[in-house]
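Only one chain is included here, represented as structure tokens and corresponding to the form predicted on its own.
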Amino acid sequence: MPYINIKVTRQGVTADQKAELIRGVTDLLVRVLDKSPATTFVVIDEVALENWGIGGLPVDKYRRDAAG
């Protein structure tokens, strides 16, 4: 019974995109691990941007620095 947890920032991820992620991850586990889609669970957590960091920095600062 696989459980997959996807975390994304809360920035414009649509319901259609989430559905595609769920479908795609489920299909991957079926194809690679021969898992049953009926017992494959996928959870998508949306994380507020201020709670996300990259390279030791809050993501907004990381993006500003990367942009120059």
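In case it trips you up, residue 1 is the first one in the sequence shown, and so on. On a predicted model such as this, the values are computed, not experimentally measured, just so you know.
Form predicted together with a further copy of the same chain: not shown, discussed below.
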query = With the partner left out of view, is Met1 within 4.5 angstroms of a further copy of the same chain in the predicted bound form by any non-hydrogen atom?
reply = yes
inquiry  = Check Lys7 for me: does it contact a further copy of the same chain in the predicted bound form (non-hydrogen atoms, 4.5 angstroms)?
reply    = yes
inquiry  = Is it the case that Arg64, even though its partner is missing from this view, gets within 4.5 Å of a further copy of the same chain in the predicted bound form, heavy atoms only?
reply    = no
query = What residues in 14-38 sit within 4.5 Å of a further copy of the same chain in the predicted bound form, counting heavy atoms only?
reply = Ala15, Gln17, Lys18, Ala19, Glu20, Leu21, Ile22, Arg23, Gly24, Val25, Thr26, Leu28, Leu29, Arg31, Val32, Leu33, Lys35, Pro37, Ala38
